[in-house]
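Take a look at this one chain, the form predicted alone, written out in structure tokens.
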């Protein structure tokens, strides 16, 4: 949900308070580590082989996390719209080079926190540990559900599921991106759109 009259700091405040109980001075400390950033449509924030040093909070716009298969096909792993966090999580945690790219799919306004500052918050604010656990649990559930959908659902069922759980992906993004998210061809997606 977009809050048009809210600043990104207010959006982030609402998001954090929706997950953890935090004192005002702790919240001020957390917010002080987040920096604003604007990116253009199609701009890459992380490329394959680069270490993911930042976690991004989307104020307005959309970030895509994707990788490229051996045969050169793009596969979209995650899409973050307003009021969501995104990072190349494996690289962010391990400090290893990323196998993924992070790309803005629309002109996007972000707040970001560096790896160093994120982990510093874990040391100085006990409730940030709960926030991080919530973030990791959500990422795990999301990735597991997506993997299961690829193994147990056909293209039609995956498309119907997407329409019921996250329709803005279909409404806001081009067919090419939606197809890479569903792991189907653009032709298959066009057929499904005309039938459903």
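Computed from a prediction, not measured in an experiment: that's the story for all the values here. Residue numbers count along the first chain shown, from 1.
The next section is about a form of this same protein that is not shown, the form predicted together with a further copy of the same chain.
Stretch 141 to 149 is the contacting one of 141 to 149, 53 to 61, 27 to 35, 161 to 169, since its residues have non-hydrogen atoms within 4.5 Å of a further copy of the same chain in the model of the complex. In the model of the complex, a further copy of the same chain lies within 4.5 Å of some heavy atom of residue 89. Shown alone here, residue 47 lies farther than 4.5 Å from a further copy of the same chain in the model of the complex, counting heavy atoms only.
Mapping the unseen interface onto this chain, residue 40 falls outside it, with no heavy atom inside 4.5 Å of a further copy of the same chain in the model of the complex. Using a 4.5 angstroms threshold between heavy atoms, residue 154 stays clear of a further copy of the same chain in the model of the complex.
In the model of the complex, a further copy of the same chain lies within 4.5 angstroms of at least one heavy atom of each of the following residues of 64 to 97: 67, 69, 75, 77, 89, 90, 93, in sequence order.
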